[in-house]
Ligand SMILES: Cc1cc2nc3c(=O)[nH]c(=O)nc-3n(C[C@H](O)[C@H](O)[C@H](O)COP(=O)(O)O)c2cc1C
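Quick setup: one chain, the form predicted alone, written in structure tokens, and binding and motion questions come after.
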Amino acid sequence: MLDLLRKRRSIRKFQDKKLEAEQIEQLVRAALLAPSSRARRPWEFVLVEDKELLAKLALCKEHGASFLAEAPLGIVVAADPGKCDVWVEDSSICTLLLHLQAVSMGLGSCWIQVRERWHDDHQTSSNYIKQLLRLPDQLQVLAIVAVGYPAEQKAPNDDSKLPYNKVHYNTFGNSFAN
């Protein structure tokens, strides 16, 4: 697992190569296997391969989403806050599992934050996406995960650069010796 976590990097450049149906199925299965509070499963996923839709989704916020237009797949992660008070946490777990499944298959991925972001001065990113994809009113969009074959290489994360100063032992301020 640690090796997988080291390899997981935010990939924003993708090859122009469509994912296979089996790969998409494995990504979906990983998300659906996510734990959720009281097994409420408040999440919903919209898989987007249509290039026109991906280009429009890439405009969901002013910064940090443009690369989605070139991704072979975008997975919109939404949830119904009425089903569970921890919908953000439950949906975040699913999103992380999508990333880990992608890297385990040799794919690249990147989280595009949507919740609490703005499309423009008048509309939230979530509402923009909801209109674009015809999502039900009660759903809120947490994120979009861009997935594809990487067109950039990033070195794995280096254990020697882990911020162990953020880890405390028994009480805050007691350092954790690694």
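Please read these numbers as outputs of a predicted model, since none were measured by experiment. Sequential numbering from 1, following the sequence displayed.
Missing here is the form predicted in complex with the ligand; even so, the following discussion is about that form.
Q: Exactly one residue in 45, 118, 149, 111 has a non-hydrogen atom within 4.5 Å of the ligand in the predicted bound form; which is it?
A: After the contact test, the surviving option is 111.
Q: All three of 13, 56 and 140 touching the ligand in the predicted bound form at 4.5 Å, heavy atom to heavy atom?
A: Not a single residue of the candidate spot has a heavy atom within 4.5 Å of the ligand in the predicted bound form.
Q: Does the ligand come within 4.5 Å of any heavy atom of residue 18 in the predicted bound form?
A: Result no; residue 18 lies far from the ligand in the predicted bound form.
Q: Just to confirm, residue 61 within 4.5 Å of the ligand in the predicted bound form by heavy atoms?
A: Answer yes; at least one heavy atom of residue 61 falls within 4.5 Å of the ligand in the predicted bound form.
Q: Using a 4.5 Å heavy atom cut-off, which stretch among 63 to 71, 47 to 55, 129 to 137, 30 to 38 contacts the ligand in the predicted bound form?
A: Careful reading of the contacts points to 63 to 71.
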